[in-house]
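First, one chain by itself: the form predicted alone, in structure tokens.
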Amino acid sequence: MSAEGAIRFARFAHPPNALGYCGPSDDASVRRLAVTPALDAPAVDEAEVLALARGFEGAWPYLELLAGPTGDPLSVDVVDAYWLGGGRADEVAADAFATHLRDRVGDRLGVPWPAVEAAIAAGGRPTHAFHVLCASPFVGLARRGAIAAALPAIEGCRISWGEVRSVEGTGLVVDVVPIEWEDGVLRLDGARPRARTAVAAGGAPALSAGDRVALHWDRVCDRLEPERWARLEATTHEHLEVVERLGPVDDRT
């Protein structure tokens, strides 16, 4: 097991776990892993970490698929492929993705399996963006017309990106490209970034104005180098296009 990858996974996974949305009930242990400095990685307890990671029942099947039968689900490249897209996620065949997800999760996703299968056939990749935009309960809400409830949840749950405008202690103001609902379709409004108040998640690097970062539920999880920023932006656009290809959803709220 890659301790570095496990720590990175925890930094992205801890925000929704702290809010009680997903993952194991042992929030203290997830947080402790998330704040572990990379230099202390050799001290990470492998059995404990694997148990915690498996407790994220939404993410773990994707990590296993990305790792392959003999790989490490918590390697850095697997973890980045899941949270940010690209890399290994682009190498998984659609039929293998569909079979794995159906066998592991099936109708326990937030939308009926035929809709998930259609999203995979339309270009979905085994990433967090796919899970949020194509298979989550929030999408189920949107498809039932509850846009007012679904849109803030989708915006919080997706991994978004932005540039730090200012830093005050652990609080930050980040300019983020928001998800918008327009003519029955989810879109990114890249022309109008919005200032969002956020906090630095446990273990996130020290930040300063001008840094580019990834956010999850209004917590900054990591600084993004240009290549990782591009991967996250591209996979989000790709899955919004998948949603659009599957057809608009009537806004009945």
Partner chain sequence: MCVTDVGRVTALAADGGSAELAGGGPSRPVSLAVLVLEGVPVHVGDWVRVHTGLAVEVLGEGEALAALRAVRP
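Numbering follows the first chain given and starts at 1. The model shown is predicted, which means the values in this text are computed figures rather than measured ones.
From this point on, the text means the form predicted in complex with its partner chain, which you will not see here.
Peer 1: Only one of 74, 119, 92, 109 comes within 4.5 Å of its partner chain in the model of the complex by heavy atoms, so just point that one out.
Peer 2: Selected option: 109.
Peer 1: Looking at 64, 218, 57, 26, which has any heavy atom no more than 4.5 Å from its partner chain in the model of the complex?
Peer 2: Exactly one listed residue reaches within 4.5 Å, namely 57.
Peer 1: Looking in the model of the complex, is its partner chain within 4.5 Å of a heavy atom from each of 78, 161 and 230?
Peer 2: Judged in the model of the complex, none of 78, 161 and 230 sits within 4.5 Å of its partner chain.
Peer 1: Just to confirm, residue 137 within 4.5 Å of its partner chain in the model of the complex by heavy atoms?
Peer 2: Because a heavy atom of residue 137 falls inside 4.5 Å of its partner chain in the model of the complex, the answer is yes.
Peer 1: How about residue 141: is it within 4.5 Å of its partner chain in the model of the complex, going by heavy atoms?
Peer 2: Output for residue 141 is yes: heavy atoms within 4.5 Å of its partner chain.
Peer 1: Is residue 125 close enough to touch its partner chain in the model of the complex, meaning at least one heavy atom pair within 4.5 Å?
Peer 2: So residue 125 does not count as contacting its partner chain.
Peer 1: Would residue 176 count as touching its partner chain in the model of the complex under a 4.5 Å heavy atom rule?
Peer 2: So residue 176 does not count as contacting its partner chain.
Peer 1: Name the stretch, out of 109-117, 163-171, 84-92, 177-185, where some heavy atom lies within 4.5 Å of its partner chain in the model of the complex.
Peer 2: Within 4.5 Å of the partner lies stretch 109-117.
Peer 1: Let me know which residues along 13-27 have a heavy atom within 4.5 Å of its partner chain in the model of the complex, or say none if there are none.
Peer 2: Read in sequence order, the residues that approach its partner chain (within 4.5 Å, in the model of the complex) are 13, 16, 21, 22.
Peer 1: Could you tell me whether residue 184 and residue 140 have their C-alpha atoms closer or farther apart in the model of the complex than in the shown form, knowing the shift is 3 angstroms or more?
Peer 2: Closer together, by at least 3 Å.
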